[in-house]
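The chain below stands alone, shown as structure tokens; this is the form predicted on its own.
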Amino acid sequence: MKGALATAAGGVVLNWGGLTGFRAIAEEARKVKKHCILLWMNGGASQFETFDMKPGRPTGGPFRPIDTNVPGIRICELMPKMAKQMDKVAVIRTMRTSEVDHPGGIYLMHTGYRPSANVRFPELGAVVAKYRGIVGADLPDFVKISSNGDAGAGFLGPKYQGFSIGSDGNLPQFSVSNMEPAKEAKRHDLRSFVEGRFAAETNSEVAQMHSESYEAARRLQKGRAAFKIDAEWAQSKELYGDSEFGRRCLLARKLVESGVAFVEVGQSSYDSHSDNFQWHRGLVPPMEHAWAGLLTDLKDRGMLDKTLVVWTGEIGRTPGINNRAGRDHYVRCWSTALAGCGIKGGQTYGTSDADGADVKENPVTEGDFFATIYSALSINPKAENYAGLRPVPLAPFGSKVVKELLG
């Protein structure tokens, strides 16, 4: 390819094929692109043990609130490092969503839409890959690290499907070609010739998809260094916390710095129907340490203004504590958080009632949440794509942007 390449969003960028691989793409991406890192709390972290504490109430639990670096905002004592980052964070305390169980909730909070028998909606990462990705980049536009939810690219097609890696952050074995380069190149030329002739004669969409996937896999060989963090981890594990989640967050930072549009980082086991407080005592400290380190690192590198960090799971937890010292599923009033990329930090949005059982003011639906995310990334939430002949907006009809969260 010569000259210029069109981006997925319709703009034009230089043809990086003649430059120095993913480093050149990363440099250009830092200048013009916005990115997103999704911190996914699989199972549903408790709002009462994180951002919406109710001390002294029957729903409160054993942990105490602590002050943050924003006067008037207090969060759980399990989050001392995030308490020092609250000036960067906007907490939504009044999420009210529509899927109370895990499969539906995971789908909902990845796509903004409830599951449908007729339409396969694309998840957030696929949308960001389409509108903020870079055509022809060595690295995937959408990477999932230890993800527990996979709604997929839906009607956007496999071109925008997430590239998944395991909990250790290493690339899968199949991502490496064991052939000698010369032999692989000959096979590639033959495959391209045969597939090209077939596609020209049949006008096959499947053949085009296969060709695109194959080319992406070949380009990845030149960008593999972006996934290697061992050397950097030795200097960063104090900042991120010496945990698997900390390593994943460091990898996410390195990937967006290298030009990846969207990275999802998962942490599991928040489904605390029993021993809720013990589970959160074990899970929250490494999570919040890594999250605080990520925000600090992005800020220090001048990347936070163009990187949206989203913290959420699929559901919240009940105000009532059951007879197994657990909290069950709850969606009438729960918490999420946003930081970076124009988000107005140092605030909480919405108020829950005295026991956290319901929204007192300013409810936020899943559609509102996604519309706000898209707006922060300079993507029009009303933009439409087609599922067959049906136009579908990125955020559901009737969704509103929470403008108070945007700077």
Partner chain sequence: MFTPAKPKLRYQLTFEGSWPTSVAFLGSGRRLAAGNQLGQIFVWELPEKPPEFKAEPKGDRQAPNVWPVRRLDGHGNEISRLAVALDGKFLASSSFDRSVRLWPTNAPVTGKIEVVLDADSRKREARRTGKKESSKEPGVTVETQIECELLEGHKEWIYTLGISGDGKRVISGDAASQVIVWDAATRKSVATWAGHPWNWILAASLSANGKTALVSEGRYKRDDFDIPSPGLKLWDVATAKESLDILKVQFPKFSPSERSYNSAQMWGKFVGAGLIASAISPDGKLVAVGQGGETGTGTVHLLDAVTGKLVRDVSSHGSGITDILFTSDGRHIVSTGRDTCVRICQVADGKEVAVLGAPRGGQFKDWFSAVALSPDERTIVATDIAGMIHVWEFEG
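Positions refer to the first chain, counted from 1. Predicted model only: the values in this text are computed from it and were never measured.
Omitted here: the form predicted in complex with its partner chain. The next part is about that form.
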{"query": "Stretch in contact in the predicted bound form with its partner chain, which is absent here, among 236-244, 293-301, 119-127, 220-228 (heavy atoms within 4.5 Å)", "finding": "236-244"}
{"query": "Contacting member of 104, 286, 157, 136, with respect to its partner chain in the predicted bound form [4.5 Å, heavy atom]", "finding": "286"}
{"query": "196, 181, 282, 72 - the one with a heavy atom within 4.5 Å of its partner chain in the predicted bound form", "finding": "282"}
{"query": "Candidate site 62, 77 and 266: all three near its partner chain in the predicted bound form by heavy atom within 4.5 Å", "finding": "yes"}
{"query": "In the predicted bound form, residue 144 touching its partner chain (heavy atom, 4.5 Å)", "finding": "no"}
{"query": "Its partner chain contact at residue 324 in the predicted bound form, heavy atom, 4.5 Å", "finding": "yes"}
{"query": "Proximity of residue 177 to its partner chain in the predicted bound form, heavy atoms at 4.5 Å", "finding": "no"}
{"query": "4.5 Å heavy atom contact, residue 278 to its partner chain in the predicted bound form", "finding": "yes"}
